[in-house]
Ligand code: HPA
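One chain comes next, on its own, written out as structure tokens in the form predicted on its own.
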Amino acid sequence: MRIGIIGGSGLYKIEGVEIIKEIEINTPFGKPSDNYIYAKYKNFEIFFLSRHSREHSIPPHKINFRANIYGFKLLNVERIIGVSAVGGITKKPGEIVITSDFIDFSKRVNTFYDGKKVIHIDVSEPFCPILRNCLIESSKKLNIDVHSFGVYVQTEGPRLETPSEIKMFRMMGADVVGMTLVSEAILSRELEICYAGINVVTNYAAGIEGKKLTTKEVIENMNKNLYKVQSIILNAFDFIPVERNCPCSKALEDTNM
């Protein structure tokens, strides 16, 4: 079973995970953010990708999301777990959210089908229900508290949001805010790859505490919860069925006009 993980570089430095090699890939959509780190854990093959590159040199609005996800397809990865740091709207710093829905306020071309072929992908269930449940069950087994439901609102970045924007998002039902997860989820669905997101709330969103937001706070809170996230992901592998019977595996059926 091949599983992809997108996140920060610290994610592949996990005890029990054997790093095998780096894989450089070119896709029809350009180069991904970084080389894929190929590793093994028990009977699982894992492919890690640093979303912003290992030097964290690629801002959210310049990430080549299509190349990143297509690279996993070329590696025959059928399931991807995206790890993100998010701002809390209804959730508190330090809490972990397994996202269940999203709102997209970015301006990106989040599709592989922007040419002659028109595809209307269904996102009634935006994240793979089975992969989500595996993460939830894993957290229960480990006695790690998570929010099993949460709405992620994606903004363009790289700037952070204004207090008025956050107030609007809260009225819309958003629980956390970030700049990357939605693009990955949509593109994965278009390639019939299962995708689920696990998010660490690293700070309150703008206007909630009435103080300046800093990247230092984000990094510190992410590092504090990194071990929990790593544990949930690795333990979740044991819950993943070999055969895929989820809607993601047949996402392209009846989508062409």
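These numbers come from a predicted model, not from an experiment. Sequential numbering from 1, following the sequence displayed.
Not on display, but discussed next: the form predicted together with the ligand.
The ligand in the predicted complex is not approached by A39, whose heavy atoms all lie more than 4.5 angstroms from it. When the ligand is considered in the predicted complex, D104 lies well away from it, no heavy atom lying within 4.5 Å. Although the partner is absent here, N199 is not a contact residue: none of its heavy atoms lies within 4.5 angstroms of the ligand in the predicted complex.
The ligand is not drawn, but in the predicted complex it has a heavy atom within 4.5 Å of V86. Remark: all three candidate residues (E161, M179 and N203) come within 4.5 Å of the ligand in the predicted complex, counting heavy atoms only. Annotated contact segment (heavy atom within 4.5 Å of the ligand in the predicted complex): 211 to 219, selected among 28 to 36, 226 to 234, 211 to 219, 64 to 72. Applying a 4.5 Å heavy atom cutoff to the ligand in the predicted complex picks out no residue from 48 to 70.
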